[in-house]
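Quick heads-up: it's one chain on its own, the form predicted alone, in structure tokens.
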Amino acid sequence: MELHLSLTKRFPSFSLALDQRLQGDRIGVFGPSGSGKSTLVNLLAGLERPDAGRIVLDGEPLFDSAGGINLPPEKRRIAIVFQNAHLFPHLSVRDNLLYGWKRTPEALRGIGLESVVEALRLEELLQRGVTNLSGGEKQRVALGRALLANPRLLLMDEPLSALDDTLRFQIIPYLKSVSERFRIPYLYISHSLVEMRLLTEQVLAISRGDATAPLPPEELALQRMGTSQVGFINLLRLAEPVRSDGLLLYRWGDVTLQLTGEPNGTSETLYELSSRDIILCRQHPAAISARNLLPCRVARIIPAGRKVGVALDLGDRELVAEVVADAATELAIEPGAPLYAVIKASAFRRLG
């Protein structure tokens, strides 16, 4: 997908001005509430009209103020999954799924009901009313309905923000797999950096109606480490735990990690670990209560405002820690320096 945005949209208390060229199949749009993310969704879908400029998708102008072009929503072949599922309460799951499909020209129906039902595991829900569905089930149905409209672009506007963490991380694998399976590019809109890192390849960061050039989500997360309330979130995929003295032992590359909690019964579990929960030592501590004491080396230094980000090389794995500037000086932190990373077993948080 190639999307060229050169547009302005003014409101009494807010203005959106973009001049960006986006390329890729999994693009993120990141920013806080009120930054212009949802306005962009409405402009792309044709629900609102820019004041001036152009929107060009894969070479076709969807809007061109100079050329007098403004395709109506039904001609753009862009589907939206919103924060709230917005299912039709008087229709069954099956009829909700087929709503857009029935209105799609037969020549464009490359995606059919059976394949979507299989991909989203909706078989047992087809005859049910939508008022009896859980939040996660509703979002899966909303995603299926959008896919069956056979769009050329899928817009996902904060689709997980109304769900709790358990449901959020149950839905994320579906979002990734359906895009890959049905080859539909998407724009994923969210204020969550973790979701950006799990679901996108490039991110357009919007702030107060303006945007920087797209960049990889990992780089965006590292850039924002110093201003984030939680620091940088290390994401670890761990599998095949072994129980030992009330802890879970996971092999992670060249090291073994000790975690509290219970296994979730899946083949792989996603955990998060904040950069602020990693303590750095220059020498091996004589005695310490933390269960994870990992020898490592400094891979690189990352500017983080008043703090210093430290990328740690653990063989074939990497963690990012965060320390104040004075601590970095006292520890003589520089690339190649040997350190020990100390992590409590309870510092790891299971995501899904």
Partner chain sequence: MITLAPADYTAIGLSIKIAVTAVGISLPFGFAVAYLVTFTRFRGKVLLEAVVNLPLTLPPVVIGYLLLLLLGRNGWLGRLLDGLGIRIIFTWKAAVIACAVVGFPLMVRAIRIGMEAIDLRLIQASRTLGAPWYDTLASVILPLSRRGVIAGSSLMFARSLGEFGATIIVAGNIPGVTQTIPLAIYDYVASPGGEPMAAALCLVSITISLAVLILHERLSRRDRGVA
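Predicted model only: the values in this text are computed from it and were never measured. Residue numbers count along the first chain shown, from 1.
One more form of this protein, predicted in complex with the partner chain, exists but is not displayed; see below.
The partner chain in the model of the complex is not approached by Asp164, whose heavy atoms all lie more than 4.5 angstroms from it.
Proximity of Leu293 to the partner chain in the model of the complex falls outside the 4.5 Å heavy atom cutoff. Within 4.5 Å of some heavy atom of the partner chain in the model of the complex lies at least one heavy atom of Thr131. Though the partner is left out of this view, Asn42 does reach within 4.5 Å of the partner chain in the model of the complex, counting heavy atoms only.
Listed stretches are 110-118, 144-152, 272-280, 212-220; the contact stretch with the partner chain in the model of the complex is 144-152, by a heavy atom cutoff of 4.5 Å. Proximity to the partner chain in the model of the complex, taken as a non-hydrogen atom within 4.5 angstroms, holds for one residue of Arg251, His90, Arg183, Arg237, which is His90.
The partner is absent here; in the model of the complex, the one residue of Pro73, Gly261, Gly136, Pro241 having a heavy atom within 4.5 Å of the partner chain is Pro73. Using a 4.5 Å cut-off to the partner chain in the model of the complex, each of Ala79, Arg103 and Asp157 places a heavy atom inside that distance.
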